[in-house]
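Listed next as structure tokens is one chain, alone, in the form predicted alone.
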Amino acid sequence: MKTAKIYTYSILFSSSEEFQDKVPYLSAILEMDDGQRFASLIEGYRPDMEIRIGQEVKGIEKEENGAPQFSF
């Protein structure tokens, strides 16, 4: 699986009904090695985790709509 690096991120503590079961969760702009950037929800976030810009995350699978998913 591919990896990406966190370019910037936000930790969300409130959400629409669709993501309510994930609160708090981490939403990030990720950057691939080729410079491509895109938004992604990062699976596996826990409030006690230290998150940093440049941190590597790994691709885990694709969502039903074909978008890649990433995890710590």
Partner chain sequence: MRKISILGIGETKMGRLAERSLRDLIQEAGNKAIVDAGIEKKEIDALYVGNFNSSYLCGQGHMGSLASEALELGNIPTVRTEGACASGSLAFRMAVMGIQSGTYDIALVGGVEKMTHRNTATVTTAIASAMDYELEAMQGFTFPASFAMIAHRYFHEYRDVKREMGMCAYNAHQNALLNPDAQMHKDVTLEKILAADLIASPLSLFDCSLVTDGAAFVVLAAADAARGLRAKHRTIELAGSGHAGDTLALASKPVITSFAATKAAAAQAYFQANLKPQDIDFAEVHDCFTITQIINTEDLGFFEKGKGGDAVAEGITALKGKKPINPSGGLKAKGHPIGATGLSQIYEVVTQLRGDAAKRQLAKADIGLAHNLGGTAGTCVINIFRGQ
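Not measured: the values here are computed from a predicted model. Residue numbers count along the first chain shown, from 1.
FYI, the form predicted together with its partner chain isn't displayed, but the following is about it.
Using a 4.5 Å cutoff between non-hydrogen atoms, M32 does not count as a contact of its partner chain in the predicted bound form. Under a 4.5 angstroms non-hydrogen atom cutoff, its partner chain in the predicted bound form lacks M49 among its neighbouring residues. In the predicted bound form, its partner chain sits within 4.5 Å of a heavy atom of I11. Taking the partner from elsewhere, F72 is found to have every heavy atom lying beyond 4.5 Å of its partner chain in the predicted bound form.
Shown here without its partner chain, the chain has only I53 in 45-61 lying with a heavy atom within 4.5 Å of that partner in the predicted bound form.
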